[in-house]
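This document starts with one chain, in the form predicted on its own, laid out as structure tokens.
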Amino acid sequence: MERVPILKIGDILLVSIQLDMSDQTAVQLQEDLAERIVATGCHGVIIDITALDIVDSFVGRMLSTIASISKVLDAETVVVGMRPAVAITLVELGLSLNGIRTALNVERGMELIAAARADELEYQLDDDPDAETATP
């Protein structure tokens, strides 16, 4: 069985789907990715689907499931490289990909994750009564 490679780049895991996703490959990817998020403590997952020419309802559900698993494990998911035909197909299938942010390329996806992480850290500081506050 083929496996989808998962690369660690800083605080982000990059998944580049370069093959047709069978059911078994998708389930293995979900398990591998969940293990890598926990093992590395990464707070971002980028799924690059540039190589996918077509997406069916199975792949759409798989992306949603991966995003949900990642969110539970404290990692934001961004899907990058979506072709116009893939976007049209997802909309026609009624798959809104809830919980998944999208970006045109990996660089923009990394920026989205960095911004989301900065917002989350700022929110945590605002809620922490023990956080140091500067006084003039």
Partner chain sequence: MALNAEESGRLAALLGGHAERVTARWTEIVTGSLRGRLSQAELRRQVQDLHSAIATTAGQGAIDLSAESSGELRAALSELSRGRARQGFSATETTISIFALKDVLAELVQEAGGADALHDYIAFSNLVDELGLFTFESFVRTRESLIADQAEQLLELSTPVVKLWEGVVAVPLVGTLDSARAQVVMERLLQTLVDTGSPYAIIDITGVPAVDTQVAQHILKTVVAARLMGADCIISGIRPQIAQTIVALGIEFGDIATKASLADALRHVLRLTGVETARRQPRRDA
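Please read these numbers as outputs of a predicted model, since none were measured by experiment. Numbering follows the first chain given and starts at 1.
Another form exists, predicted together with the partner chain; not displayed. Remarks below refer to it.
J.: Whether Val106, Met110 and Glu120 jointly form a contact site for the partner chain in the model of the complex is the question; each needs a heavy atom within 4.5 Å.
T.: No, none of the three is in contact.
J.: Just to confirm, with a 4.5 Å cut-off on non-hydrogen atoms, which of Leu29, Leu90, Ile37, Ala67 contacts the partner chain in the model of the complex?
T.: Exactly one residue meets the criterion: Leu90.
J.: Leu95 near the partner chain in the model of the complex, any heavy atom under 4.5 Å?
T.: It does: once the partner chain is placed as it appears in the model of the complex, Leu95 has a heavy atom within 4.5 Å of it.
J.: So in the model of the complex, does any heavy atom of Leu73 sit within 4.5 Å of the partner chain?
T.: Flag for Leu73 set to no.
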